[in-house]
Ligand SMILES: Cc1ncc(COP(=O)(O)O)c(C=O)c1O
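Read the single chain below, which is given as structure tokens and is the form predicted alone.
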Amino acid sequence: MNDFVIEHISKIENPLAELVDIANSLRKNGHKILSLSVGDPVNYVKTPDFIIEKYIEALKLGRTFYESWGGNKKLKEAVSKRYNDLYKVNYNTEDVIITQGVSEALQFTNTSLLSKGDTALIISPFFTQYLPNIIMEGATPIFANHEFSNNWDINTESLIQTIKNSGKNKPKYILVTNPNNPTGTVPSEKSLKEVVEIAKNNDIFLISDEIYDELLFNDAKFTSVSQVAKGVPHMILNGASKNLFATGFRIGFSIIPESDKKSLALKNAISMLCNSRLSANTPAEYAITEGISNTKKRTEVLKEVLKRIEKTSNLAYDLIKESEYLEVVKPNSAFYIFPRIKLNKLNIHTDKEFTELLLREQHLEILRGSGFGMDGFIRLVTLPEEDVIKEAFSRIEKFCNFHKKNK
């Protein structure tokens, strides 16, 4: 990399985008690409009308000025009330900070907590964008695991061992993805309580990314860290992108509810960073306040969408169960499925080789599991219609049959 650019930027990659150039080249040559790669729900589910109408109303009312740096007060009140309604926890509006999506919240958190040489602990598999935010601060990610053999629950023994192995360079935080992207599963209440206890015993700050917390199906039982971490320094991340199908609105929120020195210092630091960028999207804040507050309409939208996600996710699961080349844990949240490839049956050695060849040969774009911290897996979005899901797995089967060992 050019000496003009900081060296650690060269270590950043985006697995979500690495096949884009190949896909675009194939399109230019007349091929139609079937893509189940990017988890943007708005590609499949329209942002609800009642939210769009409030956005338009905000524009007409002239709400296009800089909003308060930490977010509109009514939006923060709506967020606080939402957590009280869903999880019976009482948050003050001062505990809530509005950001431009969870991505900005993560960026601000890492900027506030990490310096060169520090470590941060992530539980694999994880959302791909966690790593760049750590690396950009010159810090190093370290990893514990979810367990495929235990329905992707958190392996707390792995977590304990990772912290122990870090020695004096103890991680600045533990980051949990709850529900999990890419697996589409929910950690158990038992494992979350153990994570909280581990964070407490080791004096490590705890962060829980709960952006999919209302996208639950197949009788999933979800526990918010807010319910089990009282008295322990922690942060909850959430926003409008997934539950309200408003990804482009770029409205996220951080909740830092405790009053210990770490929590107060982080809250102040993130507030300063928010102030330096002036404000999030003002009309979007106005619209998302309605999106969160109008429980009746939000529930109606979610009910219909979850019927669809449950149906297509279960279809994907059933198709994988029939395959001799894939194995999977049944999803019950978000809109992803994360099968393991039986590479020992194929003349293919890695998930990266698998996804690139699959795109070139079958014109199906999906993502490699190693980009999410788990080698030998693939991630597919389960939001498309049933016929699209069927076609995708038909192409995977054709591909695997072609590359099967000892044909």
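The structure presented is a predicted model; accordingly, all values stated were derived computationally and were not measured. Sequential numbering from 1, following the sequence displayed.
The same protein also has a form predicted together with the ligand, omitted here; what follows describes it.
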Which residue among N110, N243, S279, S103 has a heavy atom within 4.5 angstroms of the ligand in the predicted bound form? S103
Selected contact from Y325, Y87, F127, Y286, since only one has a non-hydrogen atom within 4.5 angstroms of the ligand in the predicted bound form: F127
Stretch in contact in the predicted bound form with the ligand, which is absent here, among 145-153, 310-318, 183-191, 127-135 (heavy atoms within 4.5 Å): 127-135
Contact of Y212 with the ligand in the predicted bound form (heavy atom, 4.5 Å): yes
May I ask you to state whether S226 is within 4.5 Å of the ligand in the predicted bound form, using heavy atom distances? no
T177 versus the ligand, in the predicted bound form: is there a non-hydrogen atom within 4.5 Å? yes
Under a 4.5 Å heavy atom criterion, is R250 part of the interface with the ligand in the predicted bound form? yes
Could you run down 324-344 and flag each residue that has a heavy atom within 4.5 Å of the ligand in the predicted bound form? Y336
